[in-house]
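One chain follows as structure tokens, the form predicted alone.
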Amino acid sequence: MQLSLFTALALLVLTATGFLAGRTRALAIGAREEGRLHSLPNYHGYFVALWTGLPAFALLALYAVTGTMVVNTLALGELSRASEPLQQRYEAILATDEDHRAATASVERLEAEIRMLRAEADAIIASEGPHSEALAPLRARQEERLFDQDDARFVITSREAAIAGIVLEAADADVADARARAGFEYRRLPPEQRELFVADARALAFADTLASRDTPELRAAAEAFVPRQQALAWGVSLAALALAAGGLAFGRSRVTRQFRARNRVEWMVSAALMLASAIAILTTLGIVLSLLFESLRFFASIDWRVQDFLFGTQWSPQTAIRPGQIGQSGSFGAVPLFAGTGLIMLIAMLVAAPVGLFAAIYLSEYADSRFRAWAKPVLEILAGVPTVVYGFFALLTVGPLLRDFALFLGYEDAVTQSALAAGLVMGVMIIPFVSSLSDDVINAVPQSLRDGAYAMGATKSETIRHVVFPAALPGIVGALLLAISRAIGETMIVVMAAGQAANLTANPLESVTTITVQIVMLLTGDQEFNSPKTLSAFALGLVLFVLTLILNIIALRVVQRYREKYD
């Protein structure tokens, strides 16, 4: 890290030197030769500075992104080659072990029986339904086979560990065999534990973090990381400095009286702006593709029952704990989530839209400067309150108040956690998004439009309704769209004020849940990212993305329709 920091500081010095060298040379040429320079001296300095710093910093950025991966690949490759004799000895002993072969054959036989039971159960479900009594003995037999399969796999794991211990005991304790043992241990680890092995080895090698354990094998692996990391770091640093020096010499040599430095610099700036735009577009494309691919995996895991997901009314994403378990395929009807999201968002917007718009109109058109000076900051304080505070307020104050009021009116099924409580509090939270943006948009309407309306005899309210509001409509639609997006994406208030029950209802006094709450629940905790339960979160995210895109398209159409009056 210190070497990289030193290199970066040296490159900054060289870049500044390049600017001064280019500018000084341009001034000298302009004073010595007749005629004017094509570009100002500063442009020549910028040109040389860009050639000095840009390639070198690009190399450092590439090293920052890929350096760790390259070092890991080289070090682990050496450990793997060193462990080849131990691996061959291990495989030879494993191939002759009778217990291991018997357990492996037992696992294969049990898997075939479980597949047969699963096929038989699917046939019964197709003919008699998922609640058929004939499924009970099949489930019991399958549980027996699954437990037997677990026992056989335990025997396989135990024999592999015992044979690995025999192989390691036969290895010597010198440096070469220490690396061999490290490579042998790494190759036997499951994929999810290999990253921890590498992280611990790097922690012991570079002492940048604390290792979770310290063993001779990890120490040997750490010794393999250190020289490669140092060699790569020094090589990249020297190469970056050489690139900077070469770029400085090349850029300075291009400085002449006729050289179009301004054109080159502006082209580089345009390329940088285009690159920034491309990064934004590619990031959006990557998000969409990741959602799409994971959603396709989800639909493939539930046999492409897209209609059940989009139009199903039962949401219970509980899947089999064991592979192939009968009767545990889960229910992924997302209509209750869509309905809950829409209901809470509608209630929130019924609060935020009129209150925010009326507040913006009053502050921009009716309030005097002294009242506006303190009223607008006070209103915008609402945007700085943490959402968890709103959630506590909804759970402890608004929810019980609404429940007691509903009980007073005779509604006996009222609960504390309800869509109405969450929507009301969320509406209060997003009032500043509507009022502040709408106020800025209304103030941006030219005063000449107001003066023209007043000259025609319009009153203040008529001017606001027929002139100011239509002129500010595109910005107001944008503010409302931002508020809707904020309401759809809110999670904490919904969890605390509306609950987590996937309830399909239009009654705002009942508990509901939203898409974002379910995504959080599905992706948090000790989850396996290959099960339909977890993959359903990506399908929900894809649907949410499509809905937001549709809202954007509708908003653009509304804006275009009303903007034509003022073109």
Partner chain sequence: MAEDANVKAGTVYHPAEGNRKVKVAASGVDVFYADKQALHDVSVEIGDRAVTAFIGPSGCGKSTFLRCINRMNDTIDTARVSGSIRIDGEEINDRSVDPVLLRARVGMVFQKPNPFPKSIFDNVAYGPRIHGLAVSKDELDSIVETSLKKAGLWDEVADRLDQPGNSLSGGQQQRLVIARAIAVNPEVILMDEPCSALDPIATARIEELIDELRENYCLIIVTHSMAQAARVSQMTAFFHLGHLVEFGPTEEIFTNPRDRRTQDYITGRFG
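Numbering follows the first chain given and starts at 1. Fair warning: this is a prediction, and the values are worked out from it, not measured in the lab. The term rigid core refers to the maximal set of C-alpha atoms that superpose within 1.5 Å between the two forms.
The form predicted together with its partner chain exists for this protein as well; it is not shown, and the discussion that follows is about that form.
Among Ser158, Gln230, Ser448, Thr96, which has any heavy atom within 4.5 Å of its partner chain in the predicted bound form?
Checked against the cut-off, the match is Ser448.
Which pick from Leu289, Met456, Leu273, Ala140 sits with a heavy atom within 4.5 Å of its partner chain in the predicted bound form?
Exactly one listed residue reaches within 4.5 Å, namely Met456.
One stretch from 335-343, 293-301, 458-466, 388-396 that, in the predicted bound form, holds residues within 4.5 Å of its partner chain by heavy atom
Contact criterion met by 458-466 only.
So, Ala471 and its partner chain: in the predicted bound form, are they within 4.5 Å at any heavy atom pair?
Yes - in the predicted bound form, heavy atoms of Ala471 and its partner chain come within 4.5 Å of each other.
Report whether the minimum heavy atom distance between Pro377 and its partner chain in the predicted bound form is within 4.5 Å.
Pro377: no, not in contact with its partner chain in the predicted bound form.
Using 4.5 Å between non-hydrogen atoms, is Gly165 touching its partner chain in the predicted bound form?
No, Gly165 stays farther than 4.5 Å from its partner chain in the predicted bound form.
Taking its partner chain as it sits in the predicted bound form, is Gly235 near enough to touch it, meaning that at least one heavy atom pair lies within 4.5 angstroms?
Output for Gly235 is no: heavy atoms all beyond 4.5 Å of its partner chain.
Check each residue of 498-519 against its partner chain in the predicted bound form and list those with a heavy atom within 4.5 Å, in sequence order.
Contacts from 498-519: none.
Core-superposed comparison between this form and the one not shown, Pro85 Cα displacement 2 Å or beyond
The answer is no; the displacement is under 2 Å.
Core-aligned CA displacement of Val468 at least 2 Å between this form and the one not shown:
Indeed, Val468 is displaced by 2 Å or more.
With both forms fitted on the core, check whether the Cα of Leu363 differs by 2 Å or more between this form and the one not shown.
It does shift by 2 Å or more.
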